[in-house]
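In the form predicted alone, a lone chain appears below as C-alpha cells.
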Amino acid sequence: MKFWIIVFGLAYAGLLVFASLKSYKKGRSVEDFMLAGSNVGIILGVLTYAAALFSTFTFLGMPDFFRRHGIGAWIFLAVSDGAMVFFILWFGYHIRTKVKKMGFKGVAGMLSNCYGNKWAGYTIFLTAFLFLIPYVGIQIQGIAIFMGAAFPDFIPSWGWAVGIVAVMLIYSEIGGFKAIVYSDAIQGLLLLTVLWIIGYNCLSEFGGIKAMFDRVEIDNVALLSTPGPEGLFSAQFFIASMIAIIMIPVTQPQLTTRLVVMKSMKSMHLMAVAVGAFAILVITPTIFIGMYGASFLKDTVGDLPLAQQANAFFEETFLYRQPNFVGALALVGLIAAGLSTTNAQIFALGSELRGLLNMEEKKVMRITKIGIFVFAIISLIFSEMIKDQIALLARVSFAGTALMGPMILLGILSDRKLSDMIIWASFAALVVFLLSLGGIIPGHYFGLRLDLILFATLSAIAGISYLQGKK
C-alpha cells in the first residue's frame, strides 16, 4: 500500500502546487485574495460547495453513523439535504440581491451594516468561531487517524495533524480563495470516487442490496428502523437536525460565501440543484459501508471500548479490508477532504474577521492572515481533544450556528431599520446553548429539546423585531 500512497500522494501534491501557482497573483487586492473576484463558474461552484459541505465528516462520520444508529441516518442527512437545496435557491437569490446593494465582507460585516450595530457582527463572528473550530478539528483528527493506521509508529498522531495544518496554511497563503476552490474540485471528485469504490466492495460482500438488509436484520434488526439501537433518531432529533441543516447556507459562512462568489444568479441556481444530486450520490455508498461494519465487523469492532470503535472501524473498512491501491486512494482522498474543508472553514473565519475591520486595505490583509494562522493553531489543539463522536460533533456545530439563522435572515430580507432586540436575544441564546453543551443546564424542557425551543423563540423575536422596525 505504501507504494500506492506515494504514487497517489505525489499526484495530489502536484495538482495542489499547480493550482496554487495558477491562483497566485502578485499585488492582488483583498477582494481577489478572499473572494476570488466573485467570478466562480458552475462546475467549480458545484464542486467547491459540495466539498465544503461533504468532507471528512462524510468519509468518517456518516458510515459510522449508519453502523451505530441504522438507516435513520438517511433521514437525518439525505432528506434534510434535499430540503436544503430548495432553501439555497430562495436564500441565494435574496443574499445576492443584498450584496449588490451593500457589498460583501463576510456575514458578520454585512449584518453589522444591516442592523447599524457592530454587536450583530460580533455575535455572528463569536458563534462561527465557537462552532467551526470543533468542525475543523474533526477534519484534522480524521486525517491523523488514517495516517497513523497507514504508517504505524512512524510519528505520533499530533505530528500528522501539524503537517496537514502547515500544508493548509502555505497553500492558502499562496493561492488565496481561488486555490481553495481548485482544491475543493479535486477533493469533491476524489470523495465521490473513493466512497463508491469502497461502498461497492462492501455491498459485494453481502451479495446485493436485498441480501444486505436480510443480513443486517439477522445481526441487529434495530438498525433497520427508528429510533435505532441507541434511541438517537427521535422525531425531535429529526426536526432539530433538519432545521440545523437547512440553515447551513445561512449560518455557515464558508457556504454563504460560495453562494456570493458565483459569477451569476443563473450559475448559483444551477449549482444548488447539482449539489442536491451530488448529496444523494455521496451519501448512498455510506449506507453500504456502515451496514458492512455493523455485520462483518460486529465482533472485531463491537467488543472494543466505545472510544476505540470508530478508529477501528475506519481502519478495517477503508484500509485493511480493501485492495492496496483502494486503501491508498482512500487515504489520499481523506487528506484532500480534510485539507479543502479545513481551508474553507479557517478561511471563512478570516473572512468574518475581515468584515469587522475598518482600516486601510494592507492592514486588513495582514490582520486577516494573522487571524487565519491563529484559528488554524486553535483548531489543531482542539483536534487532539476529540477521538470519537465525529458525526455528533458535526451536528452540534450545525445546531450551534443555526441559532443565528433568524437574526441573519431578518437582516438580509428586511429593508427596515430594525430593532436591536434580536441581536441581544441571539447572544443570550448562544450562551444558554453553550451552558447546555457543558452540562450546566438541562438539554430538554417540557419534553422538548433546548435547541428547538431556542430556535422557535428566536424566530418569534425576529418577527416582533420586524414589526417594530421603521420603514
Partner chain sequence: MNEDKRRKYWRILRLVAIGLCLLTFTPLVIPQGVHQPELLGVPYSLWTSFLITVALVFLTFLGTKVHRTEEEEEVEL
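Positions refer to the first chain, counted from 1. Keep in mind that what you see is a predicted model, and the values were worked out from it rather than measured.
Form predicted together with the partner chain: not shown, discussed below.
Close approach of K118 to the partner chain in the model of the complex, 4.5 Å, heavy atom: Output for K118 is no: heavy atoms all beyond 4.5 Å of the partner chain.
The partner chain contact at G176 in the model of the complex, heavy atom, 4.5 Å: Output for G176 is no: heavy atoms all beyond 4.5 Å of the partner chain.
Contact test in the model of the complex: R96 vs the partner chain, heavy atoms, 4.5 Å: R96: contacts the partner chain in the model of the complex.
Partner proximity in the model of the complex: S204 to the partner chain, non-hydrogen atom cutoff 4.5 Å: No, no contact at 4.5 Å.
Candidate stretches 167 to 175, 280 to 288, 136 to 144, 150 to 158 - the one whose heavy atoms come within 4.5 Å of the partner chain in the model of the complex: Going through the listed ranges, the match is 280 to 288.
One residue of F296, F382, F398, F238 in contact with the partner chain, assessed in the model of the complex (non-hydrogen atom, 4.5 angstroms): Of the candidates F296, F382, F398, F238, F238 is the one lying within 4.5 Å of the partner chain in the model of the complex.
Candidate from M365, I372, V85, I186 lying within 4.5 Å of the partner chain in the model of the complex - any heavy atom: Of the listed residues, the single hit is V85.
Non-hydrogen atom within 4.5 angstroms of the partner chain in the model of the complex for each of I75, F213 and L224: Verified in the model of the complex; spot residues all in contact, yes.
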